[in-house]
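Next comes just one chain, in structure tokens: the form predicted alone.
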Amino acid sequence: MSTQEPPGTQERLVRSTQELLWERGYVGTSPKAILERAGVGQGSMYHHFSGKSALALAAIRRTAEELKQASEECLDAPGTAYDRVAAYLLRERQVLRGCPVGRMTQDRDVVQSAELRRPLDEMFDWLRERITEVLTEGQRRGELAAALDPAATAATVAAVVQGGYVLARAADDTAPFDAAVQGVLALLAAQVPAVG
């Protein structure tokens, strides 16, 4: 039986920063809190990173990449375009915590830093493009109406998810998120030609 080696210091720092950014945002994430969460000494952060901003950038990049991978698992799955977009919309999420990437866009310090904002922009650009590809493929296969605008619909899907997070957090209830997802699924289902 092999024992898994515990994560190294750098990994613990990045993982702890990911968690803290999701919970507290950039301003609320102090180097002290990162070190405490990671269980490492004071010099460890500066041994691996030039400072809080560099560590935050590594954490934001990692979070964006993980979200991209989770989304791609749904969008690249077998099935119709509707099935794949539905899988993305219905995948398991911690709705009341908000989107770990979307929450960063509400952080003034992140948005004002082109470097920290870049992974967020890239993630959302990729998501809209990937959903557009899935919908375009569905149109080519006759699964979706020719009149559907894939790019506008992809933007709507992304906006519904992000807006659903905001509404759910405001209500402290997942129902608004679930209703938003069901609404966009109903709109998309109306674009599926009747088989007859």
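These figures come from a predicted structure and were not determined experimentally. Numbers for residues come from their place in the sequence shown, where the first is 1.
Keep in mind that the form predicted together with the DNA is missing from the display, and what follows is about it.
Chemist: Heavy atoms within 4.5 Å of the DNA in the predicted bound form: which of the stretches 56-64, 36-44, 147-155, 165-173 has them?
Modeler: Result of the contact check: 36-44.
Chemist: Under a 4.5 Å heavy atom criterion, is residue 142 part of the interface with the DNA in the predicted bound form?
Modeler: No, residue 142 stays farther than 4.5 Å from the DNA in the predicted bound form.
Chemist: Is residue 30 a contact residue for the DNA in the predicted bound form, using a 4.5 Å heavy atom cut-off?
Modeler: Yes, residue 30 is a contact residue.
Chemist: Taking the DNA as it sits in the predicted bound form, is residue 182 near enough to touch it, meaning that at least one heavy atom pair lies within 4.5 angstroms?
Modeler: No, residue 182 stays farther than 4.5 Å from the DNA in the predicted bound form.
Chemist: Please state whether all three residues 25, 108 and 113 have a non-hydrogen atom within 4.5 angstroms of the DNA in the predicted bound form.
Modeler: Verified in the predicted bound form; spot residues all out of contact, no.
Chemist: Taking the DNA as it sits in the predicted bound form, which residues of 165-195 have a non-hydrogen atom within 4.5 Å of it? Please list them.
Modeler: Residues within 4.5 Å: none in this stretch.
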